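Presented below, as structure tokens, is a lone chain in the form predicted on its own.
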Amino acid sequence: MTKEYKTITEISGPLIFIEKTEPVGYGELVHINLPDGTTKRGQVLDTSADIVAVQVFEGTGGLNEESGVVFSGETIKLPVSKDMLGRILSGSGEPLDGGPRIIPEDRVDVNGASMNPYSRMPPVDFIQTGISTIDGTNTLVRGQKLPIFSGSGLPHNEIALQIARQAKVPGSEEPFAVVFAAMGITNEEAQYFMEDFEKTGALERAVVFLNLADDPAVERLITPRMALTAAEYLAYEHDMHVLVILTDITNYCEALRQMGAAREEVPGRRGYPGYMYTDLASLYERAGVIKGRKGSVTQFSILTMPGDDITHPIPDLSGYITEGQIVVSRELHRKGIYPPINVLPSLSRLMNSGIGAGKTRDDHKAVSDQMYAGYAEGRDLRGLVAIVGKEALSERDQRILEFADLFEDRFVRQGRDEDRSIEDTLNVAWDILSELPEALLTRIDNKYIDKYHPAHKSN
């Protein structure tokens, strides 16, 4: 359909409304020709018999009733190629690294195809991030969607970059790639991301999409879909195992709320649209492993909780859809501990599928349970010490209290470039557990104590 319409009746924020059109499809790509000769792109957001609402990606500045609107007859498509690896692109897929445009092997609809639940394979393969609090106690499994719940000012971006650099499947020679999408970030953050990827060499196996804070909010809604489309192409057409890192989902949801307000929709909780659950699910559910396909898509979504409130609609809905969460703690950050991941509210629902003999190590589950139990009790005892003093504790409780400090200082704390193997992580755990009397190791079978406990290994 190449007919040009000059029937714009209203311009409202990022939206324009066009009258008297022929039938157009939902999600259709639109070209808007401005009076000065430039062209902007948009997408059909809503369509009825009388009027069509179009969201404009580059903003509505310069548009007026004289602007011509052309409906392309197709949805937004991403040009994809294996040459995307090593490239830095804008949130709408344009090159930002000074390189040429990508010569496409194919053009793929960014909305993706829904994955048939029957064709999904249960995730079972362990992914090593090199971060002990994830690998040891909240293990990531290939094909899983595991969000990171953080707060403003916490080092979630550093954690994301460390995972992007270090993530691998141990002992596997299969091709592994990272797709990194940043939404609503500042220019300073964008420079930091680009420099880190280039300096560490991680860019060679990565595709980076950057949507900046001063880019139109509408583009923010497409950026994660662009990233997931690139990931699916690499996974299912080139048999690669792809880790997708999306940051920050909160900025994405704010753009969703902004678009809802511009469309004068009835708001839901805290002003967010009522369909936000469905919209987030359309992103998160694009992770998985498909029967008969060699590749996989695994997803880390980072979201900053407004006011550190885990009951806020964004983390609340994300928790329903995803398979657990990694929680970044302000308290640990204040103590100068990096990465400040609090294992107590964190959870990986698929952990048990990806650990154990032949995957990580036979003692992994028992060690994880014992570390968690000891740290949880130690944290409770800190509250008691604040009331009655340390001297009032029994010797057993004092040992547990010291264990909690050791756990934070030696297991949680690690360097920003420290890439711990799962063996290293479990060995550090045993070193800390050896500070407790063996009688307190109630969650570990004696056969593992005999095999791995430092006191027994040295005999």
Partner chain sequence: MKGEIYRVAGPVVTITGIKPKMYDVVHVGNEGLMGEVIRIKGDKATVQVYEDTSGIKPGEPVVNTGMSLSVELGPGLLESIYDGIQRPLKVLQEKMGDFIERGVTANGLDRDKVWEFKPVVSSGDSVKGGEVIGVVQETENIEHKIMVPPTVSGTIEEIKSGKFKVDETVCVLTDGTEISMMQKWPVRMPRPVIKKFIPRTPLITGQRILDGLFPVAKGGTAAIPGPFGSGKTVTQQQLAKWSDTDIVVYIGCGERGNEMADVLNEFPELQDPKTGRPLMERTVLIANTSNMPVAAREASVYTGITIAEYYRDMGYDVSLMADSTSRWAEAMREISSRLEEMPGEEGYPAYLSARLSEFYERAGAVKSLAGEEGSITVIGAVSPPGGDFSEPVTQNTLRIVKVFWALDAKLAQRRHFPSINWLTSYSLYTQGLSEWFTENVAPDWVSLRDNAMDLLQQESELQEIVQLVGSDALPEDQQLVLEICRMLREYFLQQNAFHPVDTYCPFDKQYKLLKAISKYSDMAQAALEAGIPMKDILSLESKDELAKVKFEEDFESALNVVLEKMDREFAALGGN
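Residue numbers count along the first chain shown, from 1. Please read these numbers as outputs of a predicted model, since none were measured by experiment.
Not on display, but discussed next: the form predicted in complex with the partner chain.
The contact residue chosen from Gly271, Pro79, Gly319, Pro95 relative to the partner chain in the model of the complex is Gly319, the criterion being a non-hydrogen atom within 4.5 angstroms. Just one of Thr250, Gln258, Ser282, Gln128 comes within 4.5 Å of the partner chain in the model of the complex, counting any heavy atom, and that one is Ser282. Under a 4.5 angstroms non-hydrogen atom cutoff, the partner chain in the model of the complex has Gln144 among its neighbouring residues. Heavy atoms of Pro100 never reach within 4.5 Å of the partner chain in the model of the complex, leaving it off the interface. None of the heavy atoms of Asp36 is located within 4.5 Å of the partner chain in the model of the complex. Asp380 belongs to the set of residues with a heavy atom inside 4.5 Å of the partner chain in the model of the complex. At a distance of at most 4.5 angstroms from the partner chain in the model of the complex, all three residues Val266, Thr311 and Thr442 contribute at least one non-hydrogen atom. Partner proximity in the model of the complex, defined as non-hydrogen atoms within 4.5 angstroms of the partner chain, places exactly one of 422 to 430, 408 to 416, 60 to 68, 26 to 34 at the interface: 26 to 34.
Contact annotation for 332 to 358: residues with any non-hydrogen atom within 4.5 angstroms of the partner chain in the model of the complex are Leu344, Pro345, Leu347, Arg349, Leu350, Asn352, listed in sequence order.
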